[in-house]
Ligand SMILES: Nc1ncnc2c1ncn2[C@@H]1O[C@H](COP(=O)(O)OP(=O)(O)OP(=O)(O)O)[C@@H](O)[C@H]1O
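The chain below stands alone and is given as structure tokens, in the form predicted on its own.
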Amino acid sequence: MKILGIETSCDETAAAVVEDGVRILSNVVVSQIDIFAEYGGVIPEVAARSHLEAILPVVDKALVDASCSWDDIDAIAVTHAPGLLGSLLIGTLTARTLAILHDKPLYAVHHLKSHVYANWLNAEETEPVFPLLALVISGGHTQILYMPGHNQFEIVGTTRDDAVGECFDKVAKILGLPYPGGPSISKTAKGGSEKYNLPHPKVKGLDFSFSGLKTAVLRAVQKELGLPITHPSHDLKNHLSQQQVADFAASFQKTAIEILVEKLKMGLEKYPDVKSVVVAGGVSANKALREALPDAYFPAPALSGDNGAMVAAACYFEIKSGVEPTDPYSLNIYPRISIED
């Protein structure tokens, strides 16, 4: 079964063709990072306009790279939620139109499910075994999911405020590092010392909280520089030395990873039947996190971020689980669906 996956939830316009949920035939991603690096974050209206320009050429290239015609495609999958509304609208409208024009079944796929299923793509040796725990970590989400089987999701832990990826972005901004913050902090931390002690939020159960860690970094920087807490955060970078930036990056990264690993270990204690742990989402590309969880499954770094291949993979396993196609004439992005729907 060959599935065309379309992804436009944030700032990547992506399409891919995947065979039987695991074999990538093509994977085309047009990123808007260069556009938003100047602003230090994504501007939703600009992202939507960029998707509109790129979406059809990206889909066409995905088919060409896969050596497929529309006759070879068995289904179309598209990210339905969550994400930026304008960006999602471009992807869903495109997928609906293509499904109608080419008479293909359409599947609306949840974005976080897609990230989880990136772990099944081009698996070199073994696939994750159920039941499993999935740690989903990105700029917009931080969750622990319990999965007894394919397409069965139970949210057992979530963030109460900021996502870990958002925290990386905001700390990078404090330190004067470029957007996106995850790769910038990871690269800078290599030359730093983990000398600053930062707090671990005291949150009961498997839930997370990262807003306090972000504030702790801000206060630690102000204290290190001998500046009052009223000093604007955007000016701190002008007073930090290169070594101080590296040390704060290393200390923050270490603390953020410790928090994630601690909660995951608590999850394994709570669910002793778990046989595998998978990590998914943009932050899963972090090398230090991969080293801290040597026994966990991680997607290939190139598949950690948003891409169409993961959407197609998730769709395949939905189909195998008995999920019915979506009516292309009625699909919309309101109301937002839950991962448990």
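Remember, predicted model here, so these are calculated numbers, not experimental data. We number the residues from 1 along the sequence you see.
Another form, the form predicted in complex with the ligand, is not on view; read the next lines as being about it.
Contact here is defined as any heavy atom lying within 4.5 Å of the ligand in the model of the complex, and by that definition each of S138, D169 and G281 is a contact residue. From the list 217-225, 182-190, 145-153, 197-205, the contact stretch for the ligand in the model of the complex under a 4.5 Å heavy atom rule is 182-190. For G165, a non-hydrogen atom is located within 4.5 Å of the ligand in the model of the complex, even though that partner is not displayed. For the chain shown alone, I24 is not a contact residue for the ligand in the model of the complex, no non-hydrogen atom being within 4.5 angstroms. Among residues of the shown chain, A285 is one whose heavy atoms approach the ligand to within 4.5 Å in the model of the complex. Although the partner is absent here, L112 sits close enough that one of its heavy atoms falls within 4.5 Å of the ligand in the model of the complex.
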